[in-house]
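Shown below, as structure tokens, is a lone chain in the form predicted alone; questions about how it binds or moves come after it.
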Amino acid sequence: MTVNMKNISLFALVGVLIIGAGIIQGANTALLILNFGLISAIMSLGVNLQWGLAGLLNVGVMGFVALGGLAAVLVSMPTTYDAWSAGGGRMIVALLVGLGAIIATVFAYKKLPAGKTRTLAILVLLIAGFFLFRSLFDAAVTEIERVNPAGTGYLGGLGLPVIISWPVGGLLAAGAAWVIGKVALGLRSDYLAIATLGIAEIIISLLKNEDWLSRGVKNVVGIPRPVPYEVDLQASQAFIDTAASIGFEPVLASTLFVKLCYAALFTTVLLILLWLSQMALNSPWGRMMRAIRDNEVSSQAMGKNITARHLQIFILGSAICGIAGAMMTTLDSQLTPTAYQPLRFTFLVWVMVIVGGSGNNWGSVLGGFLIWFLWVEVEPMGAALMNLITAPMADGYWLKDHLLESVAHMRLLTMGIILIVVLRFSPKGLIPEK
């Protein structure tokens, strides 16, 4: 079998699996798997740029995805005018004071000669700036969060179309990646992994605790959609007539139509990013990045700025993850900070990249779809298998109870087995790098 036929067969297999889920569990389930698979494929593309193309070990993917989700809130939710009146102005002043203190500290460090004077100036700027910032910030937070905390209690967003939040999510993630990269990209790969994981946890902690920004653990619900609402479709006589003409009742037809609209939007974004990634991979820039990945010493001897190139691709990969995060929050119509877990939004994405094929964009897309399908379907398949195995056993028998209670662990067990099998028999992934 040729390489192209093998690759096509693998994608066809994933398509058959999704269609099979639709036949057994319903079209709604299949479309839900498809939509989240598209988002997972985009996340995998971002990580593949960083690891597959540049060898950067970023295990803070969760933080960049969460920043994308925050963008959906800041862009699309309506403005809370009462909160802005209560403390919005002071919040802006506080943030400007904090930023000014940081800029002044950096300026003093660069302009003053090394010695006691520079050290004292930096300490004074940092301490004075911190206390001034906190005095303004804490007062503003108290007033903002006091405004209808059950319904709002935060500043809200700009009230713009939610689809604008997708590129904004990429920009937020890119900005955070620039700051992180300037600090951490000089570290060795294992230290870089620890640093990115820690920073991702800091980002999630901020989302959980800063209620004035995104309601914290009270969550933001009702994020606007870029597609029609089911109730609006069900109230449209033209839609009802069209659904009836093809044999669907209005409720099911409206649900499927909305999910298909999301699938069309997500597919468009994935194809654009995949095309751009392929163009980058096959360009002189892509060849330079692979050369740096394979041998930094010789690349540096050829005059390449290793740190600058690493920072560049770290920002690009993080921006793609931010876009995916904004898309996922749009699909969920809510921001839930407690839902961001490293297992789901970092390590599962890494499994997608490794299984699909590190260094190959098509492999990352395949891994995104395949691993997400298994992540969703393994537990119900495991439950069916355990019910079959324990059917001859008497109710209340300890082994039967133990096996049925262990179904929840099937996901982790299956992911581990798949990873081991792929690394043993296809260590470069299902679609290896050329």
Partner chain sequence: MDLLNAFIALSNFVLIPGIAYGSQLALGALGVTLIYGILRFSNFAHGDTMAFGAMATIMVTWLLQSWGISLGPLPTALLALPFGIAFTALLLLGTDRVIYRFYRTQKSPPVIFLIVSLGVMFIMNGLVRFIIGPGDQRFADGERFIIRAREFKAWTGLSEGLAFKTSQGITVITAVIVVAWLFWFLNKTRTGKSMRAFSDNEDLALLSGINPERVVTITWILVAALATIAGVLYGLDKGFKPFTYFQLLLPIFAAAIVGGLGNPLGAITGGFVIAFSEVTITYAFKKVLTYILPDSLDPTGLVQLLSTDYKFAVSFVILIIVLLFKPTGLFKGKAL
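Keep in mind that this is a model prediction, so the values were computed, not measured. Numbering follows the first chain given and starts at 1. C-alpha atoms forming the largest set that superposes within 1.5 Å between two forms make up the rigid core.
This protein has a second form, the form predicted in complex with its partner chain, left out of what is shown; the following refers to that one.
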4.5 Å heavy atom contact, L423 to its partner chain in the predicted complex: yes
Consider M410 of the chain shown here, and say whether it contacts its partner chain in the predicted complex, taking contact as heavy atoms within 4.5 Å. yes
Distance check, D82 to its partner chain in the predicted complex, heavy atom within 4.5 Å: no
Using a 4.5 angstroms cut-off on non-hydrogen atoms, would M393 count as touching its partner chain in the predicted complex? no
Listed residue that, although its partner chain is not shown, lies within 4.5 Å of it in the predicted complex (heavy atoms), from L343, A150, A264, V297: L343
Go through R146, R134, R225, K218 and name the one with a heavy atom inside 4.5 Å of its partner chain in the predicted complex. R134
Among 360-368, 286-294, 207-215, 156-164, which stretch sits within 4.5 Å of its partner chain in the predicted complex, heavy atoms only? 207-215
Its partner chain in the predicted complex reached by all of D332, L335 and K434, non-hydrogen atom within 4.5 Å: no
In sequence order, the residues of 316-337 that place a heavy atom within 4.5 Å of its partner chain in the predicted complex are none
L13 C-alpha moves between this form and the one not shown by 2 Å or more, core aligned: no
Answer yes if the CA of L374 moves 2 Å or more between this form and the one not shown after aligning the rigid core, and no otherwise. no
So, superposing on the core, is the move of I23 at the CA at least 2 angstroms between this form and the one not shown? no
